[in-house]
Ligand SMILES: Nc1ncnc2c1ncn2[C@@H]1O[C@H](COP(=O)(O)OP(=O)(O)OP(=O)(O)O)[C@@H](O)[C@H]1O
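Only one chain is shown below, in structure tokens, and it's the form predicted alone.
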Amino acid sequence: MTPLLERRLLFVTGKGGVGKTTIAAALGLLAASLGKRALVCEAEPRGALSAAYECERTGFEPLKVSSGLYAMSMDTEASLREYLKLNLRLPTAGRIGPVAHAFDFVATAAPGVREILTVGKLCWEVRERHYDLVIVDAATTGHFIGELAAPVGINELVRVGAVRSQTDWMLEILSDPAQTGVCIVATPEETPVNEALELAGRLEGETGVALAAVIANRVLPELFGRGDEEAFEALAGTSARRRLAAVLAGAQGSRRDAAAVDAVIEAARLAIRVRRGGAEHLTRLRESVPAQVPLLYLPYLFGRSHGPRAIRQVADTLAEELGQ
């Protein structure tokens, strides 16, 4: 497979809340640190990307975040305006008037129109080689297939003309695994893993786009081994808790000391249960993902999970996982 950061267009998707914006932002930061000119695009403008980089709010015009790194938020009307300017030489000042109203009507009546303006803008940036790598903080798994399959659907409906020629070159970029790929993000939990595996199964058949990587995010470290677990179970007994509380209190045990011991032991047992449950989901993910697709592991961040410092931590871990 083409190395992940050697592609030209990467879509990052996953169930809502799994950290796909953080990972998209970190991939952009890593690419820029390797000397690439990278653009990170927020497909669903929510301000999450600007929060990740702690920069001013992103818009349709790319914003320079740092050396070699740019960020933007998708705007389908602005994308239409740009398309008309490039292809029909229409003026871009202000709203497009009747054309914009017609677009709103058609976009409401014809599924895929708004999606193709999003995907088309990104493919155009790749075709024009404005950036070495375009990374998309894409829609969640529930909407992603429809967004990515829009060019395929329109290409099948329209056999000739300008629209057909436009979707032809877009599909050439999207279906080329050396240029384009999808990164699916999942946390070690049942629903995110289920959605990730379902998407991986549907991806290439319905969209023609290759799976580039699966990223397991928020993986808990193994804090305790089997021996530790046995020790915690032994300490959970009433007499053991009392003796431990007495030791901690300098042989002057109290209810407060006993409660503190109970809390620590229960917290340790909970950590073991959560880690073990997560490991089972990771095993299922590892066994189900095709062998040639990289499975990358990112640790749980015990602290602030957004902002430049967190993004840098994730980028550094991604660099280690990718051997960069």
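Don't overthink the numbering: it's just position in the shown sequence, from 1. No experiment lies behind these values; they were computed from the predicted model shown.
Note that the form predicted together with the named molecule isn't included here; everything after this is about it.
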Please tell me whether any heavy atom belonging to Asn217 falls inside 4.5 Å of a heavy atom of the named molecule, as the geometry stands in the predicted complex.
yes
Do Val18 and the named molecule come within 4.5 Å of each other in the predicted complex, heavy atoms counted?
yes
Any chance Arg37 has a heavy atom within 4.5 Å of the named molecule in the predicted complex?
no
Going by a heavy atom distance of 4.5 Å, is Arg46 a contact of the named molecule in the predicted complex?
yes
Of 28-36, 279-287, 64-72, 292-300, the segment with heavy atoms within 4.5 Å of the named molecule in the predicted complex is residues 292-300
Triple contact flag Thr22, Thr140 and His306 to the named molecule in the predicted complex, non-hydrogen atom at 4.5 angstroms:
yes
